[in-house]
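Listed next as structure tokens is one chain, alone, in the form predicted on its own.
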């Protein structure tokens, strides 16, 4: 006998959980459409060549690869054996072994989609996408191997107005979800300028990957990782004031302006940061505290401008619940040059965990059932009659169901109570004759005789 279980890093979601998750999905989806984004979907699988090389070395290690089907029928088993040994030793990608992989995120598949469909799209193209992604990560609190992302991207425009609109979108979503949030942001141009300043321009990836782990491993851990990556000790020393610097947004910008006043890309980054801060200095964000974080790097290699990362200001979850940024040439890797874009990704599973901890769902979402009314009955004739009444209610978009079995009325009421169905309509021969139906409110115990039209009006 096999004991049932699920893979580590995945979760089942029961009815109560799904009602909560659907509330989150619907809230974000409605706001995506409010801001002019249209939906698309891409396959769960992508070609391995589409995904690898887009997330840095660490990201490549987390891609779930799919073993080629019917590999046992191959006539080149010696080659396959050698490739398999190499994959075990070096995590080498081999198309002889695996041509496909589960998508790591939604952004790279989106770039591939844009290139393949460029002649059918109107640019700037604004899309949203709500689908699961997979990462071969080590499971822990707030970190899963299968999780949903809700992405919004606009591509084909380099206007910083898009960044402002995304911040407004985030603020509206988190306000409606009742999650107070700190939105940290930085600019990749600043990080490139810092790498130039310390004479390590070729180590920009190593520097950003290490700095991005500051919250997790601390200053000593970052310095050790920089040393292991071959960054010059003098350069590491020059980085310390930036890693340790504290202050408000304007003070941080002032320090950057002094440090990077002779580096062109740094000045451009400061200009873009000021554009965002100047706009929101007079705007009251409802649920977002906007914070310039010079150490925010995010390990993804495709960001070129603004970088976003949001964390909840309440609850015990310390992981980010949103990330994103500006990418100037992501589609270039697929042959479509000079297509600038910017996007954000809501981490639904972490948002779900935060909202569960804070218990900020509307009361209606906490109900077990979406059914408004259940028909109870005394026999076969009444059961058939109930089906017809239920169809009438459904034509009016009233959620209802019929108890399917012949059972005592008490058992039918117990069922409705356990499912937290608010109303029960009892049908007997008298109700069928008079066409007046006994409607009971299970919460208050109130009971009344109503016509079908009266029931419809009451429930609407």
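Worth saying up front: this structure is predicted, and the values here are computed from it rather than measured. The term rigid core refers to the maximal set of C-alpha atoms that superpose within 1.5 Å between the two forms. Residue numbers count along the first chain shown, from 1.
The following text describes the form predicted in complex with another copy of the chain, which does not appear among the structures shown.
The stretch in contact with another copy of the chain in the predicted complex, judged by heavy atoms within 4.5 Å, is 115-123, chosen from 352-360, 226-234, 240-248, 115-123.
Contact annotation for residue 401: at least one heavy atom lies within 4.5 Å of another copy of the chain in the predicted complex. The closest heavy atom approach of residue 50 to another copy of the chain in the predicted complex falls within 4.5 Å. When contacts are judged by a 4.5 Å heavy atom cut-off, residue 158 counts as touching another copy of the chain in the predicted complex. In the predicted complex, another copy of the chain lies farther than 4.5 Å from every heavy atom of residue 261.
Only one of 255, 217, 136, 314 lies close to another copy of the chain in the predicted complex, with a heavy atom inside 4.5 Å, and it is 136. Listed residues 149, 192, 162, 320 were compared with another copy of the chain in the predicted complex; 162 is the one with a heavy atom within 4.5 Å.
Looking at 369-400, the residues that come within 4.5 Å of another copy of the chain in the predicted complex, counting any heavy atom, are 369, 370, 371, 383, 384, 387, 388, 391, 394, 395, 397, 398, 399, 400. Core-superposed comparison between this form and the one not shown: the Cα of residue 61 travels 2 Å or more.
In the core-superposed comparison between this form and the one not shown, the C-alpha atom of residue 100 has shifted by at least 2 angstroms.
The two forms, fitted on the rigid core, differ between this form and the one not shown by 2 Å or more at the CA of residue 139.
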